[in-house]
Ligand code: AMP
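First comes one chain, alone, set out as structure tokens in the form predicted on its own.
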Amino acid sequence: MGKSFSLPRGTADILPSDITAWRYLESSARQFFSVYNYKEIRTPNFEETELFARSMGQSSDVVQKQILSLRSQKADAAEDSGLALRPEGTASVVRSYIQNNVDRKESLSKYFYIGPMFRGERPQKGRLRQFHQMGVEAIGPDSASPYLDAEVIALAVNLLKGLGLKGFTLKINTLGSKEDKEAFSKKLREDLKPHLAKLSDESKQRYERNVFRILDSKSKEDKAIVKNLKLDHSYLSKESLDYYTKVKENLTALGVAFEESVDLVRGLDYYTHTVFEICDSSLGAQDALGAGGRYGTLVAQLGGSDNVEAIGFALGMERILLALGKVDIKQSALDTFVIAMDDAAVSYAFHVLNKLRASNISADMHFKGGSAKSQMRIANKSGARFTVIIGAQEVQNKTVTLKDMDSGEQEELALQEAISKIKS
């Protein structure tokens, strides 16, 4: 007996019993994205590590601690050095947008993506090393609009509502322009300086690297200090305040309820102006279903045009499924299960099975035969709506006996008649 293997830490198998819920989530999302005119984009699962360092910020926790790098087994494979599995989707989408010169073809491009992401997390409920996100990015010279901000936020909220979630909370804030954000960073350091000695070791490091991340700290001491800072929007320019006011007015007009949260900053360097987060307390410590915001300088940072802005969000698919609990969705039932009554009937039963499939009827059989009773148990377990029974008489007459598994009624029919009845 050979060595057995286990899942890599922080990953999960998505078994056939789980797939129904996943497909429900994916198909619902695709429908919502289509209604809002977002088109699907698929980027590689790995990119140059520098792409993520430049987009998310060298000082971000993701880049500092969670990047999963790739290494080729070939010592001389220079082209494989400096690659990493993608920790999020935005950077890859922006890279593709720039590389394909999309700004020369469209003034506003609306994308959505669905797929796996990878981070070197400490695994726990709702936090995996390979996890899945679905998200949108609206990019282009014409994207800088508070109406588009409201659309993107409303899309995220309406998608979650459409899936059946009700207990989540939308929190919003603004960081203002790049200059406003720099002023906020300076003010935050000044306000925190007298408390520096009392901050957690991690927040002391963040004070220098990325002071905004202190506002996200889970430490009780840090939270108490932050709570007493009396944060406000005094660092914002009039233009930024007006922009934020318009976003809030648009959300209200759309019937999207929100809470303003002045300490919501998002930890990635690329955010400017509108930021938002959607949380569900039923998830426990890892309560964020998703988050997003506007990024005004990222396209330029990654080598694109200075006049191209963007806004987007990402939703965690595993967390959505956790929040939904047991999704009450019936798995697609098998149409037909074919039963060969004896060994002599197997050949004809196999022929019938493939005729059914050629007619676009989902069908299966137990290829090793066995007693009619044992095969009927398998048919019941499969959830098939009908069984097609093949015995000596059916082989001789080139017919089938069709049994309705709900009513128990059965009749001998020509194969084509049976096909018509199954499809009706």
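Numbering starts at 1 and runs along the sequence shown. These figures come from a predicted structure and were not determined experimentally.
The same protein also exists as the form predicted in complex with the ligand; that form is not shown, yet it is the one meant from here on.
- Checked against the ligand in the predicted complex, the residues 96, 133, 109, 177 give one hit for a heavy atom within 4.5 Å, which is 133.
- A single residue from the set 225, 160, 128, 321 has any heavy atom within 4.5 angstroms of the ligand in the predicted complex; that residue is 128.
- Heavy atoms of residue 316 reach within 4.5 Å of the ligand in the predicted complex, making it an interface residue.
- Mapping the unseen interface onto this chain, residue 84 falls outside it, with no heavy atom inside 4.5 Å of the ligand in the predicted complex.
- Contact annotation: residue 195 falls outside 4.5 Å of the ligand in the predicted complex, judged by heavy atom distances.
- Under a 4.5 angstroms non-hydrogen atom cutoff, the ligand in the predicted complex has residue 290 among its neighbouring residues.
- Considering the ligand in the predicted complex, the lone stretch of 151 to 159, 281 to 289, 201 to 209, 167 to 175 in range is 281 to 289 [heavy atom distance within 4.5 Å].
- Residues 119, 121 of 94 to 122 are found to place at least one heavy atom within 4.5 Å of the ligand in the predicted complex.
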